[in-house]
Ligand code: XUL
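In the form predicted alone, a lone chain appears below as structure tokens.
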Amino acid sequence: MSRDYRFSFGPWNISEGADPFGPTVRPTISFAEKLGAYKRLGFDAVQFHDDDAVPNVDDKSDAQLAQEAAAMKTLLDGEGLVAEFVAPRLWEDPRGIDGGFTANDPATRQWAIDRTKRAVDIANALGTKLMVLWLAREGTYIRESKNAIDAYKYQADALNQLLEHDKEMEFAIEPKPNEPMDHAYVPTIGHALAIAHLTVDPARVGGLIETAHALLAGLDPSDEMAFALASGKLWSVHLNDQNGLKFDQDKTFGSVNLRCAYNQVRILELAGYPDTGRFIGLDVKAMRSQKAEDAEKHLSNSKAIFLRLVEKVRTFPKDVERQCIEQRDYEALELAVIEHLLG
């Protein structure tokens, strides 16, 4: 089964354990050490922010950018890894405090577009044609602070400039309803794909669904995935789990709601997702209380749970499913699912 699906995670998923309410609790691990963990844990690809590949992006010349990105590609090749995508990290720059693409200040909007163009160039150097846009601060804390109509137009304009900058790059929007902003302008995959159709090349604008983000919007992640899959626009997933409507927890996949996780795997199986060649991305973090020497288990556990659920989906008795649906006996179908999951 592991040959069917390919897996990725980001270097931030091996973390020091800081959270919004406390400092680091584990020692820092070098980027090179993290890369060495990928194959050992059974992963094939690295999720990159632009400054994971080239630190201090804004301070580098084009030549320096190309040189450092090429060096990172050599490092990946040496580990037998590929880059899944690159994402511009606009939200940590002080200039993006009021949003990047949707800032009221036109100079800030241009900075965000220019920075993302540089991220596209990094992606090319790393050998990937997928750019992920997490629109972290593209929203407001107070609605009267922006004209939301203009904000949506600004986002479409930014995408148009990026699509023109590179005629082959795909842009996957990763929706999230809140945090760090109080309200985001693109909270669901429906919003993301609607924005796509405002651009000059909708075919190259798709989505990435994160489990926790959908749950924070009060939605079923499998339905969000299905919506994107129906349009052929699910270009990656970030699987994790979430314990209630609180801050984005990035818990081990399937650790809170196993049936919700089962349905996410089921929808990917129904769509033949492995045949697309796209990755199953994990965006999970070790519990803050986890010891440093065991702070990779959340990754291996998430992958193991995913593959066990693939087995469960593939072995669910199809005759029982068909009979229950034909007889409209959904109580029987529900029990059959639960019994199958319980083994």
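It should be emphasised that the depicted structure is a prediction, and the values quoted were computed from it without experimental measurement. The first residue of the sequence shown is number 1, and the count goes up from there.
Below, we refer to the form predicted together with ligand XUL, which is not included among the displayed structures.
Asks: Three residues, 12, 91 and 174; all within 4.5 Å of ligand XUL in the predicted complex via heavy atoms?
Replies: Affirmative, all three are within 4.5 Å.
Asks: With the partner removed from view, which of 265-273, 118-126, 174-182, 149-157 is the stretch that lies within 4.5 Å of ligand XUL in the predicted complex, judged by heavy atom distances?
Replies: Partner-contacting stretch among the options: 174-182.
Asks: I'd like to check something about residue 138: if you look in the predicted complex, is any of its heavy atoms closer than or equal to 4.5 Å to a heavy atom of ligand XUL?
Replies: Output for residue 138 is no: heavy atoms all beyond 4.5 Å of ligand XUL.
Asks: Would you please decide whether residue 205 lies within 4.5 angstroms of ligand XUL in the predicted complex, comparing each non-hydrogen atom pair?
Replies: Contact check for residue 205: no, nothing within 4.5 Å of ligand XUL in the predicted complex.
Asks: Can you tell me if residue 210 lies within 4.5 angstroms of ligand XUL in the predicted complex, counting non-hydrogen atoms only?
Replies: Yes, residue 210 is a contact residue.
Asks: Answer with yes or no whether residue 101 is in contact with ligand XUL in the predicted complex, where contact means some heavy atom within 4.5 Å.
Replies: Because no heavy atom of residue 101 falls inside 4.5 Å of ligand XUL in the predicted complex, the answer is no.
Asks: Between the options 234, 192, 83, 87, which residue brings a heavy atom to within 4.5 Å of ligand XUL in the predicted complex?
Replies: If I apply the 4.5 Å criterion carefully, the residue I get is 87.
Asks: Quick check on this chain: which one of 26, 34, 312, 49 has a heavy atom within 4.5 Å of ligand XUL in the predicted complex?
Replies: Looking at the other structure, the residue within range turns out to be 49.
Asks: Along 234-262, which positions have a non-hydrogen atom within 4.5 Å of ligand XUL in the predicted complex?
Replies: In sequence order, 238, 248 come within 4.5 Å of the partner.
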